[in-house]
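Take a look at this single chain, the form predicted alone, given in structure tokens.
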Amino acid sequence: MYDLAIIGAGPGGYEAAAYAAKLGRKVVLFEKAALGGTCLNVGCIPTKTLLRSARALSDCREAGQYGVTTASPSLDMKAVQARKRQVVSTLGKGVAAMLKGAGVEVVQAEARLAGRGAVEAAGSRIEARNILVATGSVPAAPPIPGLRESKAVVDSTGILECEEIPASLVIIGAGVIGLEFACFFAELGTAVTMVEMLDRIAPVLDEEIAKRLQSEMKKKKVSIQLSCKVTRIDGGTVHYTDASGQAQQVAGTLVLNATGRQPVTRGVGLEDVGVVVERRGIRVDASGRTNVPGVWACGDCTGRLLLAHSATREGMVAVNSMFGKPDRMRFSAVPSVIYTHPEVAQVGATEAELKQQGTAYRKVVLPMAIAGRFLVEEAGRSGTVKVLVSERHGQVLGVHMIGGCCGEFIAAAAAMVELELCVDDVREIVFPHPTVSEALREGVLHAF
């Protein structure tokens, strides 16, 4: 009898497994593919590895601003892919070593619930007091005629294997995934067109920051078509209706389906034990409990917030809760980053959300160049810090940034939101100088 059986070894699953094992629990972890899940193998890590290469190319082209002369830099896609595979392999081995060191039993097989308190895998049945479902998500495939049939269409997994730079690329969807790939290929010289159903890009972002990102994408010559509905795909040609209802079309060497991701809930046996699955994913409470005692869920399969670091925390919350330590998931202070060039990072409430809530607030918008390090590191580039604080107490409610390496210090803003710090609290925190993070400090302090 195991204390905990986990189905899925992505960030939510493997971190929860190691954490529970370190608490002295007997844990078994099932994974049908590679350890690390989507994030490590076909998501966060490989995507950011490609983006790093594109940024290096951009840095070489702009080196003259720093007094450095370079001769016709170019990118070798095959070498980039080789580095990507090496990075993924190294981190995968690290996950395996961590699990082994923690004492987690790992079973490389597809698993499913086989009744309450039981899991079946590779013809064997094991029993566990608790089962944590962490099956993740897969690329969504909307019912667009020709989407599945066209050989020119790839999803976010398929495009990661591209070893030739396409002359042109049409991206369906201008969310996080689409924007990151648009940035990567645009910097390689690919003609990129984005077709988005909504009237703005990146709906998860504060609208003011989203507009600044859209402006940056246009500087990279990315064509962004908003309020457009894709009607069909013929080979590499995407047909759509524009904002006025007129039929349009755009052709590309490749077409990227970047319409989002959907939770993996089928084939897991959830229906066999009566677990409620809603349209967005497995229904759980703030502690990760499903409606069935002893069955828990975390990460993308719940559909709550499809971020690797959120899944990790959700898994730990579930482990704490199932073993008697009260805990709950709080999504209001989970930071997010879009790894475009420039980066975008945010945490907490957007301005639109505060208006909708009727919350009185103060807004500060400052250029990131208020920090000397930004001028040193980002010659010829711009950046913005937007801070939202409560009118009454000066509590930090939201931080939204674009520019430079803002993803590297958004955690400081997340701590401010999570701990409900006010402007006077932040005033007492010493930020290192010179760092770009000082722009965050100045943004908060300018509120009062």
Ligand code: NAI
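The structure displayed is predicted, hence computed values, not measured ones. The numbering used is simple: start at 1 and walk along the sequence shown.
What comes next is about the form predicted in complex with the named molecule, which does not appear here.
- Using a 4.5 angstroms limit between non-hydrogen atoms, G281 is distant from the named molecule in the predicted complex.
- The named molecule in the predicted complex is approached by L198, whose closest heavy atom lies within 4.5 angstroms of it.
- Shown alone here, V268 lies farther than 4.5 Å from the named molecule in the predicted complex, counting heavy atoms only.
- When contacts are judged by a 4.5 Å heavy atom cut-off, K386 does not count as touching the named molecule in the predicted complex.
- Across the options 182 to 190, 76 to 84, 257 to 265, 347 to 355, residues that bring heavy atoms within 4.5 Å of the named molecule in the predicted complex belong to 257 to 265.
- Screening A371, V222, I233, I177 for any heavy atom within 4.5 Å of the named molecule in the predicted complex leaves a single hit, I177.
- Exactly one listed residue, out of G92, G103, P203, G115, brings a non-hydrogen atom to within 4.5 Å of the named molecule in the predicted complex: P203.
- Contacts with the named molecule in the predicted complex, taken as any heavy atom within 4.5 Å, map within 329 to 359 to V337, I338, Y339.
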